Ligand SMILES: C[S@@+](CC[C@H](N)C(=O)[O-])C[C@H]1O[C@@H](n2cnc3c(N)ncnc32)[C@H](O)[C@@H]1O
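Shown next as structure tokens: one chain only, the form predicted alone.
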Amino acid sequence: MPSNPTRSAALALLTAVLERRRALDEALDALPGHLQPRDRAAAHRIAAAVLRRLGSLDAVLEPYLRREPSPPAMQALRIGAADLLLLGTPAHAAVAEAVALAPRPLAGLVNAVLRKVAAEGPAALEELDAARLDTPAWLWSAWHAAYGPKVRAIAEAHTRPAPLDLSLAPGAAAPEGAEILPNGTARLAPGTRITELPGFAEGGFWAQDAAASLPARLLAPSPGGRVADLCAAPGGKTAQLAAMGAKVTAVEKDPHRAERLRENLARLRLDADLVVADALDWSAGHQGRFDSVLLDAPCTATGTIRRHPEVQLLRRPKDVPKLTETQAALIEAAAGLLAPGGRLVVATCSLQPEEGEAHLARIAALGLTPEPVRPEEVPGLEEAVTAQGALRTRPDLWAEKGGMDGFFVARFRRG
């Protein structure tokens, strides 16, 4: 039986992430161009389900394996188990398609194991502590130290696929069926394909997690104000700032990501001055020019695991101090861009306090004055305002609405 193109693509995605340590979106872009969009989307859904629940799936499979088979066979088993236990695929189809993926000498093993998983796996899965199994130990420990018992709710939020969040262009209507969140984000069910929504081609909205929309809202530039958006791609915050009427200079060092930002702005019919440069180098020639600066700094991205489940598998503890150093340098560069009285908002999409709260003292040491976030600025998220006046969102917030990404946001002003 020839392998299904969706499952073959899912196998390629898992191989790229788990064996070559590539980001899932990067692996998705590398799939063959002839693959149909629906097959591409379905492959992503399967691979994301495996990555999201990898610990649990392996725990279900382990009793039926004397030893872990070769990587291609193991990925076929994981795909089959995800189909059976998470995605609602009929048992006969899930088993047959996984067998077709497996290397021929191991097809019998895959068939035998998945038949047992079909019969016994649902009960076994129910008994597992998914939150612990699907979270690397170092992240669990770090989050427990930072958030105490909330670590379990955070980890449980990561076991569920994220909804599609949209920021709406000025005057645009939300797509039919969207829930409007307290911050104005339009939320649709997980798996919704944004390109198929009425209004997409016309620039009515762009994908942006509810939490990711908050830094630009808190920057709140004046119409016509000069704003520097550093590390700007993929451009959601740039679009927000331009839609507010600001005169935006978007700085992005990756040419490919910058081109995607340019395409997004063109679809949205929004204007910004796009600069392809490293913000650290570029800032040296533009000191004191901007009324406000938004820095969404590169980070471990552990706050985005709901949308990018491979993050928790690819990141390592040693990544945190390296990225913290980069963030500190970028913060200093961003502060230097502010005109007198200018406002700086610093954000990271990380749950690690080293990449968030630990920067507050560094920023104050640069001569900037904290400008605390007021609870009324973040309706429905009052509990996310910290004692220091920063904002700390977590995946378990708005759990009944589908959660949100983990972000740290702090605001300062130059005297």
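Don't overthink the numbering: it's just position in the shown sequence, from 1. The structure presented is a predicted model; accordingly, all values stated were derived computationally and were not measured.
Although not depicted, the form predicted together with this ligand is the subject of the following passage.
Though the partner is left out of this view, E179 does not reach within 4.5 Å of this ligand in the model of the complex, counting heavy atoms only. Not displayed here, this ligand is approached by G236 to within 4.5 Å at the level of heavy atoms in the model of the complex. Using a 4.5 Å cutoff between non-hydrogen atoms, D296 counts as a contact of this ligand in the model of the complex. For the chain shown alone, K116 is not a contact residue for this ligand in the model of the complex, no non-hydrogen atom being within 4.5 angstroms. Screening A210, V251, V345, A102 for any heavy atom within 4.5 Å of this ligand in the model of the complex leaves a single hit, V251.
For the options A328, A277, I194, A146, the residue carrying a heavy atom within 4.5 angstroms of this ligand in the model of the complex is A277. Residues with any non-hydrogen atom within 4.5 angstroms of this ligand in the model of the complex fall in just one of 117-125, 226-234, 266-274, 132-140: 226-234.
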